[in-house]
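Quick setup: one chain, the form predicted on its own, written in structure tokens, and binding and motion questions come after.
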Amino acid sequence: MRSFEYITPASLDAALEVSTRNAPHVKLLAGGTDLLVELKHTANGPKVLVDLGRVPELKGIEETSAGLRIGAMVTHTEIMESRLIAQHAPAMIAAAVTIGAVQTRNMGTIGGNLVTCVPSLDSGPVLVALDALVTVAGAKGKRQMPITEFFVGPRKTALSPDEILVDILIPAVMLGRPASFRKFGLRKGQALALVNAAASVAVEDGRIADTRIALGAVSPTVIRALQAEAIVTGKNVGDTAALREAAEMAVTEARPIDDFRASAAYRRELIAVGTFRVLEEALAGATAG
């Protein structure tokens, strides 16, 4: 690991000033669960490391008129323990529980997880299924975008070199919408996802009025299975055949690969199983509600 200057700004403006002044030779430190491992194994590390742990604008979970705001520096443990998350988006807790070990969840942040942007990130599918928006700030001010536009490619986001992820917003219309998350790994805990899936549904008069299906670890970025969504939308809640058809369609929309953890063929089986289960579970929540 090469030496670097360590800076701990106390405000978002200060963090942006330091980042802009030192770009592109700067790295932002959130929880550090990914970045510190990376720094230990690279010969060309940053000249400046900016620790965001003291920036108040990046913290907190609050309900606003626009929806549920989650600061980028909120840890996975904070998500698991949040009354507001449990009330409005409990599927986020189901995803957070699967992330690493207790120590990782205590240190790791949702913003860091999203910015790392690996295809198998666990927080992504639920946020996609809930139509989440992300706010980023830079030298030219703030901008907001759908989270699907934030993911550009493996380990690549829409962030410019001088920008910082500020928060995630689950729109008010999506709060309380029944949703489900499933993760498939080689073991029950501390495993990277072979496939993860999430779904949210809205039910009116016994029919599925709206659907979101999101898949991770099956493509370069988290994706929405739009054709699978179209199959179930408008169908009766009890139409199991439509769920199975949607699950098979989701397989065709994904691009799983062969690697040392699983074959593409096995991942396709998991996509079908995962899609069916999250749809079934989300609908069960809708009818129970």
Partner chain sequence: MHHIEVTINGVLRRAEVPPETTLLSALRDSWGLTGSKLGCDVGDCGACTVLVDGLSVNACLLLAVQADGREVVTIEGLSGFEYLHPLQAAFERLSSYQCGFCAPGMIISAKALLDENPAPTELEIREALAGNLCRCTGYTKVVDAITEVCRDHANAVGVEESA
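Everything numeric in this text was worked out from a predicted model, so none of it was measured. Positions refer to the first chain, counted from 1.
Unshown form predicted in complex with its partner chain; subsequent notes refer to it.
Here the chain is shown alone; which of Met107, Val118, Ala94, Val166 has a heavy atom within 4.5 Å of its partner chain in the predicted complex? Checked against the cut-off, the match is Met107.
Within 4.5 Å, heavy atoms only, which of Ala158, Leu175, Ala101, Ala139 is in contact with its partner chain in the predicted complex? By the 4.5 Å criterion, the partner-contacting residue is Ala101.
Pick from 220 to 228, 30 to 38, 237 to 245, 62 to 70: which stretch has a heavy atom within 4.5 Å of its partner chain in the predicted complex? Partner-contacting stretch among the options: 30 to 38.
Is there any non-hydrogen atom of Glu81 lying within 4.5 Å of its partner chain in the predicted complex? Judged by the heavy-atom cut-off of 4.5 Å, Glu81 is in contact with its partner chain in the predicted complex.
Can you tell me if Gln190 lies within 4.5 angstroms of its partner chain in the predicted complex, counting non-hydrogen atoms only? Yes.
Looking at the partner-bound form in the predicted complex, is Asp258 within 4.5 Å of its partner chain by any heavy atom? Asp258 lies outside the contact set for its partner chain.
Does Val251 reach its partner chain in the predicted complex if we count a contact as any heavy atom within 4.5 Å? Contact with its partner chain, no.
If we check its partner chain in the predicted complex, which of the residues in 43 to 73 reach within 4.5 angstroms of it by a non-hydrogen atom? The stretch touches the partner through Leu49, Asp51, Arg54.
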